[in-house]
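As structure tokens, one chain now follows by itself in the form predicted on its own.
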Amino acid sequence: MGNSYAIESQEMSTSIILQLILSGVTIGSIYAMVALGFNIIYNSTSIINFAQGEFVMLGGMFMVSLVGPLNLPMWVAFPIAVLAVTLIGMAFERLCIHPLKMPSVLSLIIITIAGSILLKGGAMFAWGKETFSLPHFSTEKPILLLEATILPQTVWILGIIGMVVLLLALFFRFTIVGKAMRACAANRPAASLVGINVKRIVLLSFALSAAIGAIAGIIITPISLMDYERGAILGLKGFGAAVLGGLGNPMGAVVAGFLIGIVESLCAGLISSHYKDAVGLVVLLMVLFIKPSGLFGSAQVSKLKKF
């Protein structure tokens, strides 16, 4: 009887850990998406766009308005919400970044922080301080996976993120515009000398990062809700994933996003939810003390030390 109780307890412990890992993969995938947005702009401009988290929040908020008050179908509202946030990202670059002549990296970062504050305030004015939700993309009935359960919305999240990563890889590898963006990331002066319009590439990078942020916000809202303040914490975690994976390394950002999400989930389930945010930051600091360029980073991250 004692042996059967021990076996049952061990099975329960295994199922709990598996459930926590699945939850961590879900939230970690969102961190990975936000980190991808950071990396796209960093590669084109060498700056950190601290308004990236607000793009995530706006994606969720626009989707809420389109599906709720306007009563549009999900498949119609999705591209409209992404397009709206993309236009906001492009307008932000045209109005705040493009007019500047030879600005310092620090000045650009301060501008993005100001942009984040303005977008957050605008969202509060437009949607208020309420917390909003979205219906799941399909059924809410959990799916049994081994000894744990997973929501169908999580499958949607992982599938959409996998598709985004694949399309980005194909875009950067096989398209002329993608190759131009890679050239700007490697050497902006040289790219300009061979005829690449660097200013246009910077605009495209903001549009692309805003679109990715909007997609992340839309797909996570059905399971984690959304409000005007949510962008700040998602932006912070996404920035942590970008740094942990190595600034400028998209695949490193994806791996780091999953790592932070799993560590946070395990901490919340096995220790206390009060410490989950702190544990993620502690892991980040430990890695950076050992390898300042991040897990998969190169010397590019040393640019940050110039501040």
Partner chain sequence: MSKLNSKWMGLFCLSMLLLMLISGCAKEKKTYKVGAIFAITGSASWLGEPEKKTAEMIKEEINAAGGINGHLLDLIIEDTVGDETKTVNAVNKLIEKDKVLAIIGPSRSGTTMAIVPIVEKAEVPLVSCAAAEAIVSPVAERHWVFKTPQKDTDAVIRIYEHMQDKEIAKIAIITGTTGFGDQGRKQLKKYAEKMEITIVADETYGPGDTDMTPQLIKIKGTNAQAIVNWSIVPAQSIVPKNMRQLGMTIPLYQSHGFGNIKYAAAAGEAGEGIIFPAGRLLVADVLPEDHPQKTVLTEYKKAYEEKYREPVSTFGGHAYDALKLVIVALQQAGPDRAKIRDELENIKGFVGTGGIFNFSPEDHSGLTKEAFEMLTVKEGNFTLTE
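Numbering follows the first chain given and starts at 1. Here, rigid core means the biggest group of C-alpha atoms that superpose within 1.5 Å across both forms. This is a predicted model, so every value here is computed, not measured.
This protein has a second form, the form predicted together with its partner chain, left out of what is shown; the following refers to that one.
Taking 4.5 angstroms as the heavy atom distance cut-off, pick the stretch from 169-177, 67-75, 197-205, 222-230 that is near its partner chain in the model of the complex. Heavy-atom contact with the partner occurs in 222-230.
When you measure heavy atoms, are 86, 181 and 188 every one within 4.5 angstroms of its partner chain in the model of the complex? Per the other structure, none of 86, 181 and 188 touch its partner chain.
Sole residue of 150, 236, 80, 105 within 4.5 Å of its partner chain in the model of the complex, by heavy atom: Selected option: 150.
With the cut-off set at 4.5 Å between non-hydrogen atoms, does residue 136 touch its partner chain in the model of the complex? It does: once its partner chain is placed as it appears in the model of the complex, residue 136 has a heavy atom within 4.5 Å of it.
With a cut-off of 4.5 Å between heavy atoms, is residue 287 one of the residues that contacts its partner chain in the model of the complex? Because no heavy atom of residue 287 falls inside 4.5 Å of its partner chain in the model of the complex, the answer is no.
Contact test in the model of the complex: residue 142 vs its partner chain, heavy atoms, 4.5 Å: Residue 142 belongs to the contact set for its partner chain.
Hey, in the model of the complex, is residue 295 touching its partner chain, heavy atoms inside 4.5 Å? Answer no; every heavy atom of residue 295 is more than 4.5 Å from its partner chain in the model of the complex.
Sequence order please: the residues of 25-62 with a heavy atom within 4.5 Å of its partner chain in the model of the complex. Stretch hits, in order: 26, 27, 30.
Superposed on the rigid core, does the Cα of residue 270 end up 2 angstroms or more away between this form and the one not shown? Shift of 2 Å or more: yes.
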